[in-house]
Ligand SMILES: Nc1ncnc2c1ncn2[C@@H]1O[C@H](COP(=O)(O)OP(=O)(O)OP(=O)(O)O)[C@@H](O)[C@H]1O
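Consider the single chain below, provided in structure tokens and representing the form predicted on its own.
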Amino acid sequence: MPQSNLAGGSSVPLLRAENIDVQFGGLKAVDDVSLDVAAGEIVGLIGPNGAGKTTLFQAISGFVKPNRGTVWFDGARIDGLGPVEICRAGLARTFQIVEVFPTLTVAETLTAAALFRVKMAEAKKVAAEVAHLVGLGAKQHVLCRHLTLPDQKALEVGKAIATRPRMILLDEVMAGLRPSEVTTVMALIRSLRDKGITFLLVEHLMEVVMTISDRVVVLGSGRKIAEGRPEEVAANQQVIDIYLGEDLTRA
């Protein structure tokens, strides 16, 4: 695996995607995209609808096989693995469209996720811990079909946490939430980073991305068009022209 080109370090990144192409028929959804994420980082992945963000997530997490390119995680190549193997390797993800098991409780759902790593007795303990961590401690015995959207979003993050990942791919986990709920999720992400979890997140709420991210990667029409610190990306004229619409550094 090649050495990282991350500023200020020579160690390999936790995640590296190199020259990823994903094509559906005549449409190239992801076109020669490369990115690194170092352990302990929060990296934002932004771009207009149809830019290829979720497809890139699919390729990294094993739900889509890239037509070209490689994906490395924790020093091992994973682009030939399936989603279950990749999750067991320590790379978890959430989904933009939340789906719950309507006849299971919160505790049962989190227990099922924890069984990726541990046996039943320990999985139940993990489920209880995670439920409290994501704000569902008082709703552990509630059926998932009765959860509000914010609670379903919290459970989606909880399922990923329960697999004990080193890194989580977050796909628009804050979409549809009220400002106070967004603030709660941001605090949760920061606290999890402090506990050693790395994040690559797709999010359309620019104030969130620019506030929480250490670096931001921008896609447009399937290609990477910019990368850098939030303030650099916010002032990039190409990014402003195709996505942001105004210089966020002046907002």
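Just so it is clear, the structure is predicted and the values come from calculations on it, not from any experiment. Note that residue numbering follows the sequence shown and begins at 1.
Here the subject shifts to the form predicted in complex with this ligand, a form of this protein not shown in this document.
Of the heavy atoms in Thr54, some are within 4.5 Å of this ligand in the predicted bound form. The shortest heavy atom separation between Leu27 and this ligand in the predicted bound form is within 4.5 Å. Taking non-hydrogen atoms only, Glu172 approaches this ligand to within 4.5 angstroms in the predicted bound form. Proximity of Pro48 to this ligand in the predicted bound form: non-hydrogen atoms within 4.5 Å are present.
When this ligand is considered in the predicted bound form, only one residue from His204, Lys65, Arg190, Arg223 comes within 4.5 Å through any heavy atom, namely His204. Listed stretches are 66 to 74, 182 to 190, 208 to 216, 27 to 35; the contact stretch with this ligand in the predicted bound form is 27 to 35, by a heavy atom cutoff of 4.5 Å.
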